[in-house]
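Just the one chain here, the form predicted alone, laid out as structure tokens.
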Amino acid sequence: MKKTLLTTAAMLALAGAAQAEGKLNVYVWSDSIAPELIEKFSAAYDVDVTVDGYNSNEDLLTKLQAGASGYDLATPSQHFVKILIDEGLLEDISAHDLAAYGQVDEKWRGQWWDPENDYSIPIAYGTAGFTVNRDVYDGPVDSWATYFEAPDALKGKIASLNYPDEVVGAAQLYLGVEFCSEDPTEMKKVYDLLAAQKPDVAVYASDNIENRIGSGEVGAHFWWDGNSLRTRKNDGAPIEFAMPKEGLVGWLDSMVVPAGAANVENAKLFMNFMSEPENATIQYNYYAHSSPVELDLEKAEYTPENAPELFPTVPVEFSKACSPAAQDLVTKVWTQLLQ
């Protein structure tokens, strides 16, 4: 009986593979998907996969707002999932009916950005904070003060991202200003902090961060937990991801299907494939961000002992989808800052 069931399952898998031939065009965070999984999926299902990368949620939003993107799958963060849904830019794929949904940890189901789980399947989560190069700076990193009010060793040697999303959120954590504040007076405090920091910022950039901070070109860089981990472990860079007492900015990226996608069924198949424990573990070990789906723990490489970046010891507040009034204030702060 067991052998018969296994044979039947294998036949069904082969049938699914035959039905899945075609194309899949994905637009995801740069270098975020394990190349071996792209190859494995392509070979198993006879699907030609094209992968393009972006460096900010804003880039993705702009691309989809322009229409006719040609992409079948993307991976926005939680607050941008909500924005994309509200703007009618995503396909309702009844994600709750997918096999992948059964792999999702209960705490990530029914969240405010997709309460009925119609549009999205989580793929990774983590935090945004700042990383220091210990050859440049050997002082404390237990507060955002190190980043926003640079000590002498970091003056002129700080780098920021070139978009406001998580940077403004971190400034709000430091100042005690609520996320999505509609109070101009409170947001003026955020602007004043960032404007005072600006002379110490060597560059506002969201690419090539690993080389910039790993080489010591800058001493502190706004960054993400897993990226810092990968650069520390894989490149041997003398860096440390800070745990500021005021907290870190949280994010969760999900797989979604842009409205008008040509290969919706292949996108769903890819979601199921990426959420299988074996493949999710390969992705976890490659991407070095926390997984919202079940892993094969015997093969998972990262633990609190060898990857403290992934196990925060401070509060984490997740970015929110703000009202138009609140978002206008964020945009105003950033626009004035970079003038």
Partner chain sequence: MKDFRFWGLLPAHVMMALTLIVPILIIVAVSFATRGAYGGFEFSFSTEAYRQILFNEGWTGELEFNPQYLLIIGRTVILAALTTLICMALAFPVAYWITLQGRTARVILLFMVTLPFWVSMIVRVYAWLIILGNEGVIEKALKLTGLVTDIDTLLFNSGAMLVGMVYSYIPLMILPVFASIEKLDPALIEASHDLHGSRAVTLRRVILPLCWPGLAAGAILVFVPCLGAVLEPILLGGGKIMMMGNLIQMQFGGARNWPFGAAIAILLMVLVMVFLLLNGLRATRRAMEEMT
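Residue numbers count along the first chain shown, from 1. Note that the coordinates shown come from a computational prediction; the quantities given were computed from them, not determined experimentally.
Here the subject shifts to the form predicted together with the partner chain, a form of this protein not shown in this document.
Relative to the partner chain in the model of the complex, residues 37, 128 and 256 are all farther than 4.5 Å at every heavy atom. In the model of the complex, the partner chain sits within 4.5 Å of a heavy atom belonging to residue 203. Using a 4.5 angstroms limit between non-hydrogen atoms, residue 143 is distant from the partner chain in the model of the complex.
Though the partner is left out of this view, residue 61 does reach within 4.5 Å of the partner chain in the model of the complex, counting heavy atoms only. In the model of the complex, the partner chain stays beyond 4.5 Å of every heavy atom belonging to residue 97. Of the candidates 188, 134, 109, 233, 188 is the one whose heavy atoms come within 4.5 Å of the partner chain in the model of the complex; the others do not. With the partner omitted here, the stretch from 193-201, 258-266, 240-248, 134-142 that lies within 4.5 Å of the partner chain by heavy atoms in the model of the complex is 193-201. Residues of 75-107 lying near the partner chain in the model of the complex, listed in sequence order, are 80, 83, 87, the criterion being any heavy atom within 4.5 Å.
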